[in-house]
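Consider the single chain below, provided in structure tokens and representing the form predicted on its own.
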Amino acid sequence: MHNLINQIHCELLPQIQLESLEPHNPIVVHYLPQPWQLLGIGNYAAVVSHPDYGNLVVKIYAPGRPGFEEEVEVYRRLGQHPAFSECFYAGQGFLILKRLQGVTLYDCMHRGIKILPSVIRDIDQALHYARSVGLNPHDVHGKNLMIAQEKGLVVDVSDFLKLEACSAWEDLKRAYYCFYLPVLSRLPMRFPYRLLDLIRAVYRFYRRAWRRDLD
């Protein structure tokens, strides 16, 4: 761990170039030094890995973006749980986390990998645990959920301190039991990313419209 921290401070942080152009769109990584590899990007941060530390990832927040202290607190409350990652170190604007390796539910739909009911139950139980330690699961959707060895995992917990209610998981679960399990799971179908992105965009549009109606 000590060597990894040194490499982050001496190699990664001085050279990586990332910025957040808009708070509601993924950040942009302009440059990443070798041999670091980009695993994913979100609206506030990028997740990278080093080939010498295959079981760890580094999450780096873009300059000026909020949420770092809140995510540290979320991981402190979660502690060790098999369905969540774990924070081993928090530096200035970056976290060293346990790497979760698997396939997201979003990619399962794209690749035609069947999502078992046990995966949905695993995630439900994990979110119940999060609530039991004072967290509020928020923005739990197919890109933030993963299957590894037929177990359900929750990948992104950065918004779990937000106070407002979020129906994303209940909506996804309802769609799973009402439509996916009785219909789609029985068909050998693979969904193109363009269609999945369209479905997600339409869902988010109607969810925002529904919130405005409530207000």
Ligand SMILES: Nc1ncnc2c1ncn2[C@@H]1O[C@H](COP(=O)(O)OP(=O)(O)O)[C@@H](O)[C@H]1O
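For clarity, every value in this text was computed on a predicted model and none was experimentally measured. We call the rigid core the largest set of C-alpha positions that still match within 1.5 Å between the two forms. Position 1 is the first residue in the sequence shown; the rest follow in order.
One more form of this protein exists, namely the form predicted in complex with the named molecule; it is left out here, but the text below deals with it.
Residues placing heavy atoms within 4.5 Å of the named molecule in the model of the complex fall in a single listed stretch, namely 41-49, out of 28-36, 41-49, 167-175, 182-190. At least one heavy atom of R99 is located within 4.5 Å of the named molecule in the model of the complex. Using a 4.5 Å cutoff between non-hydrogen atoms, Q125 does not count as a contact of the named molecule in the model of the complex.
Within this chain, K143 lines the site of the named molecule in the model of the complex, having a heavy atom no more than 4.5 Å away. The named molecule in the model of the complex is approached by V57, whose closest heavy atom lies within 4.5 angstroms of it. Residues V155, D156, S158 of 154-179 are found to place at least one heavy atom within 4.5 Å of the named molecule in the model of the complex. Superposed on the core, the two forms barely differ at D197: its CA moves less than 2 Å between this form and the one not shown.
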